[in-house]
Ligand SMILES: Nc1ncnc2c1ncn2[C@@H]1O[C@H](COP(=O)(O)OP(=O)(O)O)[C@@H](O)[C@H]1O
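In the form predicted on its own, a lone chain appears below as C-alpha cells.
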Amino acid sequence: MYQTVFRQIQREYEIKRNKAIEDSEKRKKDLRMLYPEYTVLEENLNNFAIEQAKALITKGGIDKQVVEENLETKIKELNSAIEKFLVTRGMSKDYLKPRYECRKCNDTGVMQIDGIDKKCSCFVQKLVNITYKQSNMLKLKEENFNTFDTCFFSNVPNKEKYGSDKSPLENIENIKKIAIDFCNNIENPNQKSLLLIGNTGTGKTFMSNAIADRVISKGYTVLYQTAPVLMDMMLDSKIRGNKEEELRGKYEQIFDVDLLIIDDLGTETLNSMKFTELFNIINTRLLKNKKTIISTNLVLPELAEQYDARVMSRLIGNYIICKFFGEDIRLKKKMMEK
C-alpha cells in the first residue's frame, strides 16, 4: 500500500511537470507565429547553445576556455534580449519558462542537498496527506492568517470571567503574534513549541490551521491529527507495524514531520501504553528539534490530573502556553447567519 501511494505521487509529479513543459512550448510556438523577430532570437540562441555543446567535446586547453567564455557571453546577451522583447510587449520576463508548482524541485519531487538527492518537502507533504487521509487539512484555504478576523472577539476586559486583565481581543492579537513568530522561527532550536488551551469555540483550531497553512507555504511538512486517532494509530503501529509497511511509514512520519499538530488532547481514552506513547512523541520530537502544537479544552490543573509528571514537565518547560478565552465564536457565527 505505502509503495503504491509512493508510485502514485511520483506519477502525478511526472504528469504535472510534463504539463508545465508542454504549456511553455505552446507559449513559444504562439510567439513564433505572432512575432518573426522572436523566432530569429530563439534560433540564434539555439545555434549558440549547440556550438557551446560542440566546443565542450572538441576543444581543449586554452582554446576550449576562450570559446566557452565567448559563447556564454553571447548566450547571456541573447537571453537578455529575449527578456527585453517580452517585457516591452507586456509579458513577464519569465513568460516562456515552465510554470512549476514547486520552485524548489521544479515538480520533480527531488532536491539535491549537499550532493545527495532528497525528497522535496512538497512530495513528503503529499505522502503525509494521503497516508493519513488528512481531512483536518482541508480548511487551510478558509482558515489562515489572511482570513483571520478579530471582529468576533470582545474588546472589553472581564477579569472575573476570564481570569485576565486583557480583553479577548487583546489576548487573541497577542496569540496571533506568538503564532507568526513561531512560523518564522520553526527551525530555531530556541523556539518553543505551542500548547493551546481554551474552551471550545475560542479559536484554537483556527489558529492551528493558520499556522499549518503558513508553515506549509514556507516549504515545511505538517501532520495534523486528533489525539484519539493519533494514539490509536500509535498503538496499532506498535502491534502490527513490523508487518505492514504503511503503518510503519505512518509511525515514522509522526517523528519526522517538521510540525506535528495534536488536536483535542484529553479526549482520548487513556491507559498506560498511551501515556508512554504520548511522552515518546513529545520527548523524541524535542530531542530532534521538531516543533509540536498541542491543543486542548483542559486547563493546566486538569492536564496535571490526567497525565503523569514526565509529560507535564515537558509541556510546561518546553512549550509556550497560549490561553484562549472569550465567547464561543462558532455559536456567534451561527447566530449571525440566522
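The first residue of the shown sequence is 1; numbering continues from there. A quick note: this is a predicted structure, and the numbers were derived from the prediction, not measured.
Absent from the display: the form predicted together with this ligand. The rest refers to it.
Contact with this ligand in the predicted bound form, judged as any non-hydrogen atom within 4.5 angstroms, is confined among 158-166, 213-221, 254-262, 143-151 to 143-151. Among S237, Q191, T205, S121, the residue placing a heavy atom within 4.5 Å of this ligand in the predicted bound form is T205. Distance criterion of 4.5 Å from any heavy atom to this ligand in the predicted bound form singles out T200 from the list T200, N174, N79, N185. The closest heavy atom approach of I329 to this ligand in the predicted bound form falls within 4.5 Å. Proximity of R7 to this ligand in the predicted bound form falls outside the 4.5 Å heavy atom cutoff.
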